[in-house]
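Have a look below at one chain only, the form predicted on its own, in structure tokens format.
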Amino acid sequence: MKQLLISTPVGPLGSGLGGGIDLTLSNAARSQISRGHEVTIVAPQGSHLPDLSVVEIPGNLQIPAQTQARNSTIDLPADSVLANMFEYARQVQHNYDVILHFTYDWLPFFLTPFFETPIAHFVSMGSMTDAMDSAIARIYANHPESIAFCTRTQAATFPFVGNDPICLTGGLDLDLYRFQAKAGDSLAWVGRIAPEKGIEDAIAAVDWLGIPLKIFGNIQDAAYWQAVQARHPKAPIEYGGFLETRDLQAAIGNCRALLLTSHWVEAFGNVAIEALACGVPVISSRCGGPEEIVTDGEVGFLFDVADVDGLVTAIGQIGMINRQACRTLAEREYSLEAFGDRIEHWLQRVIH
């Protein structure tokens, strides 16, 4: 197949602004190339993915959906990079067998009937706004096979989705992640620093326990980040910035556990499977996708959203987890080969 992949319009690939989509799109592309398919990526200007063909499109970035209210109206800035990316796709569509987009936005769903080349929709977040729900529902009603989700938990947030949604989960090039059998003293937290990610719970827990916490990710909400630090001025935290895959796996690989403290429904949880690939147990709030990744008591623990006491208790039990079991799960369920197989079968269904 000749595949055209369209990236998120909220930031350039590699910037961290798109969250887990950067890694998902990159691994999706690599998984398809390894199977002999031709892949071209369309992304905002400034994007860079080593060894992949990227067409950079100029334009103004889109407002992230998670910052909008439930009843927000459709917003399209002047000289929108989203509109520009799909105009480019319209012009070159006949060079491709399928268009796969990772843009959680209304416009691609609206434009689908006007394209001649099939469009596959990878929905990367749960239900966020009424406008998005309506746009997805219109396509789903006629062509449910053209829409894929990350996990069943995420898919269930949309009231119109049936009992058997297409779920792709995720996958990694496991050769990039080194298993580390022994843990150091620190815990880790990885993600966008924004209110819905709940980093205040992780900081409150380590402030109470006195355990060092390494923090990695893009600071999306600087005021929120400053307020959290002000509430815990003596917490043993260290901010390490936004790291690329090779540096991130090296930084978190010897940590005792990865803390996921989300306050919203996570669609999947790439950082969870990255940690598991290094042998690092995952302690996660019951927040969507990670609930399907983390088997409680086997590769980590689950606690109720915003329950700091529950998080503290889970941290105290982390020595019970076998780090080799974490790596084994990543190899069995989340390899690049398994991910590529799921994507390939789905795209064949969309085309036919």
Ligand code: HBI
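Since we're looking at a predicted model, the values are computed, not measured. Residue positions are given as counts along the sequence shown, with the first one as 1.
The same protein also has a form predicted in complex with this ligand, omitted here; what follows describes it.
The chain is drawn here without this ligand; in the predicted bound form, the stretch among 141-149, 87-95, 230-238, 122-130 whose residues come within 4.5 Å of it by any heavy atom is 122-130. For the chain shown alone, residue 329 is not a contact residue for this ligand in the predicted bound form, no non-hydrogen atom being within 4.5 angstroms. Contact annotation for residue 103: at least one heavy atom lies within 4.5 Å of this ligand in the predicted bound form. This ligand is not drawn, but in the predicted bound form it has a heavy atom within 4.5 Å of residue 66. Among residues of the shown chain, residue 256 is not one whose heavy atoms approach this ligand to within 4.5 Å in the predicted bound form. Scanning 47, 32, 62, 26 against this ligand in the predicted bound form with a 4.5 Å heavy atom cut-off leaves one residue, 62.
Looking at 172-195, the one residue that comes within 4.5 Å of this ligand in the predicted bound form, counting any heavy atom, is 192.
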